[in-house]
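Shown below, as structure tokens, is a lone chain in the form predicted alone; questions about how it binds or moves come after it.
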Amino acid sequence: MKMINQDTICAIATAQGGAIGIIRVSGPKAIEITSRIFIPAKGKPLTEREPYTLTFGKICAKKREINNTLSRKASEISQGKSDTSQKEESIAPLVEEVIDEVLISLFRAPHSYTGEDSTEIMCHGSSYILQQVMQLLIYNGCRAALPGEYTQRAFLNGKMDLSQAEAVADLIASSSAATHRLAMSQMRGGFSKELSGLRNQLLHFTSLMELELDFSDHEELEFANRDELSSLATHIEQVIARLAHSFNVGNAIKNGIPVAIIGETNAGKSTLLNVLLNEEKAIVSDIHGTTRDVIEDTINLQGITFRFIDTAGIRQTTDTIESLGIERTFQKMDQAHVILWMIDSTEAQRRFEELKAEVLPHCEGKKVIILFNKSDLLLATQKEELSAIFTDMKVEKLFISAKKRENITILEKKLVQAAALPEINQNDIIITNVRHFEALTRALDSIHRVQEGLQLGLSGDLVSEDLRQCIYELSEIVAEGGITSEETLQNIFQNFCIGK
């Protein structure tokens, strides 16, 4: 880690194809190396300028004009103007080739994103220009940055803790208002502050309990008040349980709420998926059993991401491949948060009776919306009769026509309601990271053992061991105390994009 920090690194920080491209340079020689290839339009060189300034100028490559020199000499010889006995020039003149006109922002350590001297070169977005500037930087002493190395350096230099560093990746990947708000909340350090507060309280009691061990000859001494520790353990258990429980919501927000579209063959499931996605994602055919595997895609409704899963039609079949598809249908139903059960409304009662024994067990604990499709083929009186038949079912029901896009807007509103996500603001602490969830789960187990130990009157050394384990798990999330392994750090930062 320390050897990596001694290098000066560079990377293109913007996607290709834009009008403007940005190259980031960071490290002990960032300003010096950038200055070697940059000529300010006026004023002092870059190395003498103040931080937080923008400087306009040119990126230049110094090249020896070999071809022009040789061409000129050949011309002089052919015209008899050159003394051929005279020794030829061994060194061609240096020529400055302008690569681009740029703006350079300058930051000095420790007041930069990485905590190191840094520059950002803003040039035109041509891939040729960007690559030329990169080559010049590398030629003058830079190294191409690894994925996530800028944020890794920020973490190693104490500019952010590990959970905040992970939030940077979540912010870049955010695709909805909700995921953006959660990432911003974590980047601001609200999650870290809450964990640090719990950790410090636990450290206080652990130190007192370990102090008791130094006076083990006096068993009557108790530096750590057991009643206070029991109250603290209860409080910490509630906080950790709340954070761990929020992962269900956080995971749904981050990865999309899974919605399984199920029903018999030819009920219109693939047509509905195409309508919701507004594209021909799934094959639509009058032939039964066309969809033999699950098809997934996502859309954003009112700032919430939904992950729709078109499943194989449920029916009795001897086709091995179709049977495997139907088996996966039930697996996806178990994983779904919302189930859209599509029924051909022209024969709804028969189809419902045929499938209810297989479908209903997989609907327990789910939000279920029964969609009576092809309702454009029904009369108003037939819809009323059908509604009366299904009155006893305490689920949402809606008449739609996927083919004619009837009541699709109402369905989208019902999906948002079925998601039942809480209102998210940038101060809410909701867990979206699997690593954090697993560490919180282990911390919760440890604090439960502390509570049990206190109830059983176990000795201080045994209770203290569980307290230390809880502290360890909380510390691992934000990497306090340097307890996070290098392997964990590599796994986190290797998934970042280059330039961040």
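All of these numbers come straight from a predicted model, not from anything done at the bench. Residue numbers here begin at 1 and follow the sequence given.
Unshown form predicted together with a small molecule; subsequent notes refer to it.
Stretch 113-121 is the contacting one of 113-121, 380-388, 363-371, 194-202, since its residues have non-hydrogen atoms within 4.5 Å of the small molecule in the model of the complex. Of the candidates Lys159, Arg307, Lys332, His180, Lys159 is the one whose heavy atoms come within 4.5 Å of the small molecule in the model of the complex; the others do not. Note on contacts: among Phe352, Phe399, Phe107, Phe247, the single residue with a heavy atom within 4.5 Å of the small molecule in the model of the complex is Phe107.
The shortest heavy atom separation between Tyr52 and the small molecule in the model of the complex is within 4.5 Å.
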